[in-house]
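Single chain ahead, written as structure tokens, the form predicted on its own.
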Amino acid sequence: MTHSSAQSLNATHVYRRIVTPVVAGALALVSLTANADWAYRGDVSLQLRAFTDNALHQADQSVSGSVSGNAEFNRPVGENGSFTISPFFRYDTHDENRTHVDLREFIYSHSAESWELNVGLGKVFWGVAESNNVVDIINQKDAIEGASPEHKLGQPMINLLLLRDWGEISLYVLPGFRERTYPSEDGRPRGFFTVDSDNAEYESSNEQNHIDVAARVSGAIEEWDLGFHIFHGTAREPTLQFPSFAPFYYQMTQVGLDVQATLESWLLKSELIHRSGDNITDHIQLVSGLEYSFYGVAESDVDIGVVAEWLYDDREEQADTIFQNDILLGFRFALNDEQSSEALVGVIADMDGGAKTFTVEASRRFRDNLKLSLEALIWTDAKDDPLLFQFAQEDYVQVELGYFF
């Protein structure tokens, strides 16, 4: 590649990731200031990550910091309509890909007695499991932000929701695709090789302009909440091509089921999908488990939940996910105090190779508008796992202080 070609690619990369959303955000803010009827909320957070080992790749930082901000602006439109704008930004001291601006939502909603219409850039969540939501397919994940299902890129959509006595039918037309985000060469945590996001390829000749479609039917039968969906379009999770490690976004059809039963102190959960396509092996993925809650432990205000889940992919060793045959065991603590103190501690163990991933998440509020969060991620016994071995020295502890307004 020539120097001028590289400059052109870099310019395109910067434009796509920074300039376009900044301009869109600026236009949104202009519209906000033009009308005083907007309600808003948001937060600004300072984040610090400390890595316990030297990386096995070229990123050499042991500590990195960043600042981020979220906001949500809502405005009623007429009697039955509303408009929502949710901008997001992060500046990272080391990872240029993690420095980005995005519009999570830019969507108009209109509600009627038996239906609701949503048009614009939106976020949708499907799923009931704790460890991995295999049914959650509408939005692209913002993978450099973290594994939480709240970290999503806004998806262009036309969504018609039909309300029925027994439940609801949700229909989607998705005219546009967002590519997955990945760490840069200087980013951590990541694997040995940097993903070449600038040279992504597509099975569809329409590439990012392919129009995806989806539908979901959901309802409740006594204690059971049920959801069935079908999706056809561009896979949100690409395969990585060798040796360039450029993402390849294939076309696929996914059908799935999510089930949750609430039986007093028990929660029974399950997510099941089948994926098929010309460029993937037809396969089934399953996440199934339970959660049991102990309320008022030792006559205190403390609640403790025990979570257990099984994660399975019938492709086994050929799977492109780390969850081929794994077990999650976790403990959820809620102090039920004025500070909303809570914690989740868990381990996901590979039943075949023995690799383990330990996670800790904890948070506590201070006053009315400050929140301190702690996160830790540790990989162990991963030498025989070709995917997890790359993260053997990527263990980190993260502290975040957020101001809410």
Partner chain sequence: MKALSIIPLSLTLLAVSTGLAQAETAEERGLAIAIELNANNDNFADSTASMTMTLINRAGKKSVRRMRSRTLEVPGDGDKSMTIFDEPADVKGTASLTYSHATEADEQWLYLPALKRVKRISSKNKTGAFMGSEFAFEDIGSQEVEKYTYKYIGDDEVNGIPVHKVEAYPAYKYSGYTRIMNYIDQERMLSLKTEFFDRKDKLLKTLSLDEYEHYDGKHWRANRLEMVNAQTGKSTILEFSDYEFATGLQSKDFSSNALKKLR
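Computed from a predicted model, the values in this text were never measured in an experiment. Positions refer to the first chain, counted from 1.
Not pictured, yet referred to below: the form predicted in complex with its partner chain.
- Exactly one of the stretches 320-328, 94-102, 157-165, 178-186 approaches its partner chain in the model of the complex with heavy atoms within 4.5 Å, and it is 157-165.
- In terms of contact with its partner chain in the model of the complex, the residue from Lys123, His274, Lys141, His210 that brings a heavy atom within 4.5 Å is Lys123.
- Between its partner chain and the residues Glu116, Glu237, Glu203, Glu145, the one pair within 4.5 Å by heavy atoms in the model of the complex involves Glu116.
- A residue is said to contact a partner when one of its heavy atoms sits within 4.5 Å of a partner heavy atom; Val63 fails this definition for its partner chain in the model of the complex, lying far away.
- Among residues of the shown chain, Asp53 is not one whose heavy atoms approach its partner chain to within 4.5 Å in the model of the complex.
- The closest heavy atom approach of Gln58 to its partner chain in the model of the complex falls outside 4.5 Å.
- In the model of the complex, its partner chain lies farther than 4.5 Å from every heavy atom of Leu46.
- Contact with its partner chain in the model of the complex, defined as a heavy atom within 4.5 Å, is made by all three of Ser109, Arg332 and Lys371.
- Scanning 325-354 for heavy atoms within 4.5 Å of its partner chain in the model of the complex gives Arg332, Asn336, Asp337, Glu338 in sequence order.
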